[in-house]
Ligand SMILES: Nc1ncnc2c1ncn2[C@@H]1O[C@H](COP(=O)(O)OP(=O)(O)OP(=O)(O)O)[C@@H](O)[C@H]1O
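Read the single chain below, which is given as structure tokens and is the form predicted on its own.
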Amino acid sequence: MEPVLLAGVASVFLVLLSKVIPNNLSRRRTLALDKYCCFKVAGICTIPVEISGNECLFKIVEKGLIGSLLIEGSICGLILVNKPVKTKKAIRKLESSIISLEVLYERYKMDKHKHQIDQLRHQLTEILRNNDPIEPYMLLLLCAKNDTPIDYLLRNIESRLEPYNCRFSLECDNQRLSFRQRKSVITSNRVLTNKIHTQLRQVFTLSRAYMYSGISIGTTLRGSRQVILPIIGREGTLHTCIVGPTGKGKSTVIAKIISRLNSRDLGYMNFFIIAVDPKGDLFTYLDQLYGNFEKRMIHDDSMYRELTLMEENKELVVYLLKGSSEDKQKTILEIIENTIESTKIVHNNRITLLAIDEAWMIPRTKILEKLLREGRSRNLSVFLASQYPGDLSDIVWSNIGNIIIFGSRSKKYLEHIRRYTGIDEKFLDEISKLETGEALLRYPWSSTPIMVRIL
């Protein structure tokens, strides 16, 4: 591939990725790096590092490490060159490699050989299906931040990719950019590029969340980048739905969200938090979190309410509905609606957060749908948690912004997720593999979800 065309490809990636990382390189910093190794594309000084090694590229793409490195800011761009290979030649090469590994596995019974055989068979299947074999080569473009030594940047990348037997080399020729032809993995062009594009979409999806006022709910599953749950943006408040089977952590997440609204990150905001708990789990978690705060209990014939005063500009009211009749629960919902309306009138700048755990147990009334529809005009953000997406009406789903999806292998559950959430179907398999405390987060601006480890 000619150098001019390569530079053009690099520009496309860097123009997009420069929106994710701060582009504030000083002239002095760029000149200092020019003396050693600086490849400029789209006005950004980068350090090009070629990665190679048998199966290295396939492994890091398969495990999502390209996306996590971009998200964490270790690299600011990449150049991917897919060298076409004749199908017959690719099949012969893969079959030969599989036979060699099978001999090794029979002799030594090592798990790594078995894993390599499975990978190569998977690649062979995809090539036979798509008839598009390639040998991929990749340059990672490291960002020249501050006066950080190049050796330090390289060591950081090497330490992340060391388990995958990758080799690294600097490409510091400013006159032209070339790839040395090394023995590399043969794989399917469609499969490889689709996975990289998915990871890039996740980078841009996550970066947009930082434009909102929100709270941290955890870190990326394949990395340590903080994941933000947006609550308020330029267009107003956002509603959130949390779905998952019993025991996956829905009540815990709501409790943590409420507690983090009291953190320093959003300390300047005036919050009025109303929590509705039909079952009792959320009440228990909040009592543990705020047991040291001043409380007072109010009892009457229509409701049981516990009021917890948190800070001067934040207030939490918890309604425990366990054991209440349906009529009493409807009465409480009417009281909540009136409270939200009066709060908007008295405190114009106050944000109200309504959190409802186990929403499927709440009586079907028009109040909830009305609050969701009028949320922005009332400075209201609603959080709903339920076991199945089908527990909530189509009107509710049409007004939901963020969706937190916990894992399950239930076919009924996965079918509901596919129907109601709007995420790409290829992520349904990921949902079935999620462990307790892990979830997918779908933002309203993208069907590509972020895999999150809830903290």
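If you're wondering where the values come from, they're calculated on a predicted model, not measured in any experiment. So that there is no doubt, residue numbering starts at 1 and follows the sequence shown.
What follows is about the form predicted together with the ligand, which we do not show.
In terms of contact with the ligand in the predicted bound form, the residue from 315, 132, 281, 337 that brings a heavy atom within 4.5 Å is 281.
A single residue from the set 377, 349, 96, 246 has any heavy atom within 4.5 angstroms of the ligand in the predicted bound form; that residue is 246. Partner contacts here mean any heavy atom within 4.5 Å of the ligand in the predicted bound form, and among 281-289, 204-212, 218-226, 98-106 they occur only in 281-289. The closest heavy atom approach of residue 387 to the ligand in the predicted bound form falls within 4.5 Å. When the ligand is considered in the predicted bound form, residue 447 lies well away from it, no heavy atom lying within 4.5 Å. When the ligand is considered in the predicted bound form, residue 432 lies well away from it, no heavy atom lying within 4.5 Å.
The closest heavy atom approach of residue 454 to the ligand in the predicted bound form falls within 4.5 Å.
Contacts between 417-455 and the ligand, taken as any heavy atom within 4.5 Å in the predicted bound form, involve 436, 437, 454.
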